[in-house]
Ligand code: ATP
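Presented as structure tokens, the chain that follows is alone, the form predicted on its own.
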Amino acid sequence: MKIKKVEFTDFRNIESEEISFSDGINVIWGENAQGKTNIVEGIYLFARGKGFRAAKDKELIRFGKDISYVKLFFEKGGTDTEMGAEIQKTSKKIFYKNRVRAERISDIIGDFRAVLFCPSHLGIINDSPSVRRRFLDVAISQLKPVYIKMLSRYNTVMEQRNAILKMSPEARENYKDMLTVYSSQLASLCADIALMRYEYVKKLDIWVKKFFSEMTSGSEEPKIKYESDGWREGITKEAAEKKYFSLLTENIDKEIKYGATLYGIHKDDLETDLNGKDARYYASQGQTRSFALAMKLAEGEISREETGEYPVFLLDDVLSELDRSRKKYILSNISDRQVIITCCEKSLFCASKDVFFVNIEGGRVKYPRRRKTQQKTASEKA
């Protein structure tokens, strides 16, 4: 999968720009607050269906404007594809694929795949469980579009169930049967979603072990395991569904007290161990960063295994947060795929061959420039 170009109109601080990319390493450089991350966010919009920084869609629109447009042109499996996003202040985002409007955002997830690695991801190991669940949800959704639809359905049913739990005892009595129906629906969805997560985590564990071993010369042993109240290794989907239903029906009094559903896949987590100890509490800062880096590289490898080609890698200002050995490792492992890197200093890449540079200043492309070796090769071919 390769991006050919992206077009922006009134997106963040970008008024109107078209940016082309090479098939290999692309470096977007410039001072802070010039628009580098905005470019990455605009691209990632098509992988996840929303920006990775904006709390609200209207934050993606250039100040003083009411509407923003982004177009992405990429090649996937030998076929050229065009995707578009229209963001308005007063209505929901609209996505297009080959100029045909998508009925739902979930309909476009998986068409364009990307692995995003930004500074906030360096804390994925010792952050809250919701961060690790989000990592799983984003990664799996790009590979299995049905997954995001199941998550959406799960959240809807849980909201309906929570509404009944919050009712007064008198009102809740009228919805007793519906509470059981919602518990049954949640149990079924839990079993399906947990199975997908479990299978993904098994693959993740294999790749993380490989990358972590290479970074530490085999001196440390990481392990990732899916942690759930209703799912365990060796259980069948049918048995898991019964377990979840039991949890949801036998603890009603406790849930009524809290006015919320206390059991289900929205409470699950990733157990991350290092050398037999919980990495969340015992890993050093360097070890947690190696763990996070290994997880992101593993995400890309699983995507390649599942689809037959690498996703696009988006590294947003993450190299400045890594030490020299980890910088060297990540750069040595991305040479055979398309990578878009943002940074303030391009000197890190000046000794590298076949790097395409894009300079951003004030939301404008100051200049796109290939290295002289690339220009010479292009002229020779002409």
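Keep in mind the model is a prediction, meaning the values are calculated, not measured. When you see a residue number, it is the position in the sequence shown, counting from 1.
The form predicted in complex with the ligand exists for this protein as well; it is not shown, and the discussion that follows is about that form.
Worksheet item: Pick from 67, 54, 331, 344: which residue has any heavy atom within 4.5 angstroms of the ligand in the predicted complex?
Response: Partner contact (heavy atom, 4.5 Å) among the options: 344.
Practice prompt. Just give me the single entry in 337, 327, 62, 50 that has a non-hydrogen atom within 4.5 angstroms of the ligand in the predicted complex.
Written response: Only one listed residue qualifies here, and that residue is 62.
Worksheet item: Does the ligand come within 4.5 Å of any heavy atom of residue 26 in the predicted complex?
Response: Residue-level check for residue 26: no, no contact with the ligand.
Worksheet item: So, in the predicted complex, is residue 31 in contact with the ligand at a 4.5 angstroms heavy atom limit?
Response: The answer is yes: residue 31 has a heavy atom within 4.5 Å of the ligand.
Discussion item. If we define contact as a non-hydrogen atom of the residue within 4.5 angstroms of the partner, is residue 354 a contact of the ligand in the predicted complex?
Written reply: Residue 354: no contact with the ligand in the predicted complex.
Discussion item. Would you classify residue 20 as touching the ligand in the predicted complex, given a 4.5 Å non-hydrogen atom cut-off?
Written reply: Contact with the ligand, no.
Practice prompt. Answer yes or no: in the predicted complex, does the ligand come within 4.5 Å of a heavy atom in every one of 203, 225 and 301?
Written response: The answer is no: none of the three residues contacts the partner (heavy atom, 4.5 Å cut-off).
Item to complete: Can you tell me which bits of 1 to 22 touch the ligand in the predicted complex, meaning any heavy atom within 4.5 Å?
Response: Stretch hits, in order: 12, 13.
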